[in-house]
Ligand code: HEM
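In structure tokens, the next block holds one chain alone, the form predicted alone.
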């Protein structure tokens, strides 16, 4: 039997070159020996994406994308389907951690200057992925058809209406009707389960391809001629697994002991278009944007300023052309990034308590 299995394996390997691909990807792929914790963020993001796909498919088995049945189908999943409550909590909590790890990954890239030549395309695809993940989170927010999801989506899509001349037309185009309705749920459902995930997968492939072509950037200040190189497996894989186990422990803690983090009271009530809740606020990762729009007198101007920030981030490698990557050797840039981070946190906290 063993000889038969080995024979089949040799036959398959001879035609597919699997063993050669595995060696080139793992044991023969050399990386700097001084890579640290921050270089494991990418692997955590892939783990988040896989968890979201698996739990999302399981939720799709019972979810019904109709306004009259969506909330009840989610309630059925949570209360009647075996381990349905666990799958739903995992999906919701991982979505939050997905965004958090993505924030950390982008911040570490900014501070370490890893977006610079020759890694401009990696950075630009990363910024696109950041926008896609946030859009995926927003589209999934409506699907439970709860009070929170209905009114949060109403507020978020209302912002588009502030665009001069074409705002009202864009709102109808996004929602399908002037108000959030079955057509909106259908649009958001299609985006959430097919269009955006496949687009994310495509950009992940592009991102990883260019990472492989340009190589993993060593920490700032590393002398490339002197730094030792080690095989990706087992050295970097062991670092990735350590971070993954810590991540899974944090996810387990949130799922079992702090479910209210992802499910506030308004998320547990069915949507009522005739009753506006007293306080509707977006998820934590949109709180800073939400508060910034409240502070700017003109809503369109607030949206435009945020778009400008996004465009600057996208083209950052072409704006910051200095080869210097060490944070302390870039005091102006490091100060601006730190102030921006503190402002973002302050606006998010303000938005939460206002």
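Positions refer to the first chain, counted from 1. The model shown is predicted, which means the values in this text are computed figures rather than measured ones.
What follows is about the form predicted in complex with this ligand, which we do not show.
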{"property": "Options 246-254, 173-181, 191-199, 105-113; stretch whose heavy atom lies within 4.5 Å of this ligand in the predicted complex", "result": "191-199"}
{"property": "4.5 Å heavy atom contact, residue 301 to this ligand in the predicted complex", "result": "no"}
{"property": "Contact of residue 71 with this ligand in the predicted complex (heavy atom, 4.5 Å)", "result": "no"}
{"property": "4.5 angstroms heavy atom contact with this ligand in the predicted complex for residue 140", "result": "yes"}
{"property": "Residue 59: touches this ligand in the predicted complex, heavy atom cutoff 4.5 angstroms", "result": "yes"}
{"property": "Listed residue that, although this ligand is not shown, lies within 4.5 Å of it in the predicted complex (heavy atoms), from 98, 130, 210, 232", "result": "98"}
{"property": "This ligand: the contacting residue among 63, 29, 286, 38 in the predicted complex [heavy atom, 4.5 Å]", "result": "63"}
{"property": "Those residues of 74-95 which, in the predicted complex, come within 4.5 Å of this ligand by heavy atom", "result": "74, 88, 91, 92, 95"}
